[in-house]
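Before any questions on how it binds or moves, here is one chain, the form predicted alone, in structure tokens.
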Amino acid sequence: MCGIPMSSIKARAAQFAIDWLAGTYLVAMLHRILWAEVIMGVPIPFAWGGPESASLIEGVPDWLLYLTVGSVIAAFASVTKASLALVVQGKLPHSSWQRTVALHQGALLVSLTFITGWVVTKISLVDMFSGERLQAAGRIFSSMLQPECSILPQALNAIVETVYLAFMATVLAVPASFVLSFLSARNLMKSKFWTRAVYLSLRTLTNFTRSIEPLVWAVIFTVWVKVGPFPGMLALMVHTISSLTKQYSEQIEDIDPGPLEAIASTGARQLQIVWFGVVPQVFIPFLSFTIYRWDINVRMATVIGLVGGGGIGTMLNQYQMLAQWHEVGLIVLVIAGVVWVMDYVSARIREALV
């Protein structure tokens, strides 16, 4: 294409896209947050286009204006090389004015993002430290510091259920994660068209299932198989499979290719190459990831119980809904103790495996 290499065209297009997104975001936050919300005190809803009264130019939707100005900023960055994308890629000299301009733009973006986060989350230190709020918090904490020990047997039964719930979710997820990780490793699945298709499909599927939190999976499974520890275990298992598959596959992609080439030179089949060349290199990291995941699942299991996923989370939700803070205090102590023990034991095991 006019003598310009395709790789150069792709690089320029990627640079323009990054600068365009950064410019659009910058303009939108300057208008909606800094000007309208902070300075003028007139909140603008984060809707596509927003209300007509919020438009900077009558008859022109704000989003169209943001995209246009973002394009102008990207074009300026492309022509002058004062590009935030080039700074990220390390392609600008440290003493150049272009790098200084791009860094100032980046600093402004970070500052606006913090201000936006403050506004969107409606942080109010005045409300938090008002006399009425402090008194309410004091009542809750004073009650929790006087735990009701009469429910200790029920709490211990529930925490045992929680630990086993996490254990079963982890154990049942490991075989599937082990197999899927080899099919999701780029270095093992790039030789043929169908292997690349399998790789991309599995990566997409695991990214999708991992993006859905266990709490949401627990809601789905409680509708499917009714309330109890079983839907909680299924929710953790689905999320664990996708998470371990990602961790395992990334470890496979970082292996030393030397042993694989040596085994392949002997005429070994692909399965033999994987079994004798890959598995020995990833076995210990896989064990470490699995133990760490069980530790994470124990913590998650207490949360999914809030939506009927079984375990001590369900018990905690019941007493919290009734505002029985003495009982809540006892349950929190039991959870904290078990999590601390699990964290200590898993850390010692991981250290021994390294």
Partner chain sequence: MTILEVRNLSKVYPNGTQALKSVTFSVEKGEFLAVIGLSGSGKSTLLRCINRLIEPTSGTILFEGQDVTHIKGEELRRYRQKIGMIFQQFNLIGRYSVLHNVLMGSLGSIRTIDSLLGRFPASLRQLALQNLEIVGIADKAHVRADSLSGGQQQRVAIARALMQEPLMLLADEPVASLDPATSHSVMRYLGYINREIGTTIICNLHFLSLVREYATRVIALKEGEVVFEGAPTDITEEWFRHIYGDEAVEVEIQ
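As the structure is a computational prediction, the values presented were derived from the model and not from experiment. Numbering follows the first chain given and starts at 1.
Just so you know, the form predicted together with the partner chain exists too; it's not on screen, but the next bit is about it.
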I'd like to check something about Gly267: if you look in the model of the complex, is any of its heavy atoms closer than or equal to 4.5 Å to a heavy atom of the partner chain? yes
Taking 4.5 angstroms as the cut-off for heavy atoms, does Glu261 touch the partner chain in the model of the complex? yes
Is there any non-hydrogen atom of Val171 lying within 4.5 Å of the partner chain in the model of the complex? no
Would you classify Phe276 as touching the partner chain in the model of the complex, given a 4.5 Å non-hydrogen atom cut-off? yes
Region of this chain that lies against the partner chain in the model of the complex, out of 268 to 276, 130 to 138, 243 to 251, 183 to 191 [heavy atom, 4.5 Å]: 268 to 276
I need to confirm a contact call. Of Trp97, Phe283, Trp224, Phe208, which residue comes within 4.5 Å of the partner chain in the model of the complex, counting heavy atoms only? Phe283
Within 148 to 185, which residues come within 4.5 Å of the partner chain in the model of the complex, counting heavy atoms only? none
